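Next up is one chain by itself, shown in structure tokens, the form predicted alone.
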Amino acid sequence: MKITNLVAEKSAALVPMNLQIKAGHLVYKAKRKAGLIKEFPDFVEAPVPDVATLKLEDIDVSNPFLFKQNRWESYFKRLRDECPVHFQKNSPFGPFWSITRYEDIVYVDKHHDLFSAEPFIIIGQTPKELAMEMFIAMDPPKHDVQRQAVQGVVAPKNLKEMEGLIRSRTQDVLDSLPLDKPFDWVEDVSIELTARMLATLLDFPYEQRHKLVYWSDLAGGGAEMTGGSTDSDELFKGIADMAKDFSSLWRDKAAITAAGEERGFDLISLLQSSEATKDLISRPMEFLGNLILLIVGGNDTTRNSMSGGILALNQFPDEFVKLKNDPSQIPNMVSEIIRWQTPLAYMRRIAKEDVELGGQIIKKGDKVVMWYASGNRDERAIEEPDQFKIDRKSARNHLSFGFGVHRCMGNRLAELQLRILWEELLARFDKIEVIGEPERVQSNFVKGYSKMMVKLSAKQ
């Protein structure tokens, strides 16, 4: 290690993490004021045009209003049919390749030797002063070591032990819902259940659990990152707050262990018990990056699938009848929900060398975006992909969790939470009606909901 890097690392370990973030914020604002940072354009919403009116080279699926206005399906179908490996050179996020067919996505995802996950998995980038490291955006072997440190928390034995707690908290939330009266399902169910689960996984103060969801929303909500609406000031302040709280939690747990008490089995304790990550607190950007990864991973997939499943069964009411007649279909339906919703629309890679794919030459250094949302609707791989079928054969063969070394670590936990939710819903409610059109998130990465009004009727 260079002496300058060593000094920087030692200094970072001594200065409180939240103060480092605040200092970075001041530097960022000074650079912006001096014109040293190129201003990223604000996204102003306008109606998404009919894709048939566009030239192929003008199709830009990084438009964050594509999902917000629910116009995405026709865009990706045209790319799959006419140009499955598509180059967009004039995106606000810079030039990138779109990979839209199922088999091509699997190829890219599995070949980490050809396509690097570093330095980001989003289409844009974070401010340099917040350039956090996370293992999902690392290549082997570093990725494997850090993932190994925390994956025990979602091991089958631990999931079985958590099932009772997940069920009791789900019951508590559902029993508090109003009957025959509209309410916001996103706020009252999806966010609440997700916050409770995240607090459990991290052993975070339960009464402050909604901070975790807020930080998750901030982490990927910036305009220059994913086309979101979060401004840079709110982003820096939120991450500084997160740094303060998690640094305190880390040190409290280290003190308990030093006092001879038994170590817990939460994510923080697992990081502290691993040789590779026991000093993670001394590497601030890596510490924050991995915690954000664990929060986002535990938030967006489950939360938006909880809402997406309700919407799917409203759009396909015959499937809800089929489900009530045969509740044993719930586990299979959970996989179908995750495919149909695809809560995270893509993952990004960087070509490590020149690669030929789909008749196109992707150059070394090019940005490559695997559109899971498109692959999950590819007619070449999935029969009637736009239909929602609770008894779909091979329903688990979807792309939403990724493939290869980066396959979602918490996939079984997400499936467990959704299974329990639907078991408890069927035990209580005869009708789950979506009122009006849901409001969707402004993002090209998170394919989710910001509001969805629902009315419940009790089971007789």
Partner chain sequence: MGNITFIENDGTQHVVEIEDGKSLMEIAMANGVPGIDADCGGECACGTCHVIVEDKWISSTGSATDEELQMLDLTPERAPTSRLACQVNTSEQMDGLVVHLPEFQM
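Residue numbers count along the first chain shown, from 1. Computed from a prediction, not measured in an experiment: that's the story for all the values here.
A second form of this protein, the form predicted together with its partner chain, is not displayed here; the remarks below concern that form.
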(request) Indicate whether its partner chain has at least one heavy atom within 4.5 Å of a heavy atom of G260 in the predicted complex. (result) no
(request) Report yes if any heavy atom of K110 sits within 4.5 Å of a heavy atom of its partner chain in the predicted complex; otherwise report no. (result) yes
(request) Check whether V405 has any heavy atom within 4.5 Å of a heavy atom of its partner chain in the predicted complex, and answer yes or no. (result) yes
(message) With the partner left out here, check for me: in the predicted complex, does some heavy atom of V106 sit within 4.5 Å of its partner chain?
(response) yes
(message) Under a 4.5 angstroms heavy atom criterion, identify the one residue in R428, R396, K431, R32 near its partner chain in the predicted complex.
(response) R396
(message) Just to confirm, with a 4.5 Å cut-off on non-hydrogen atoms, which of S248, S282, S229, Q151 contacts its partner chain in the predicted complex?
(response) Q151
(request) Decide if the three candidate residues P140, R147 and R412 all line its partner chain in the predicted complex, where lining means a heavy atom within 4.5 Å. (result) yes
(message) Just to confirm the contact call: exactly one of 290-298, 151-159, 201-209, 71-79 touches its partner chain in the predicted complex at a 4.5 Å heavy atom cutoff, so which is it?
(response) 151-159
(request) Enumerate the residues of 256-287 that have a non-hydrogen atom within 4.5 Å of its partner chain in the predicted complex, in sequence order, or give none. (result) none
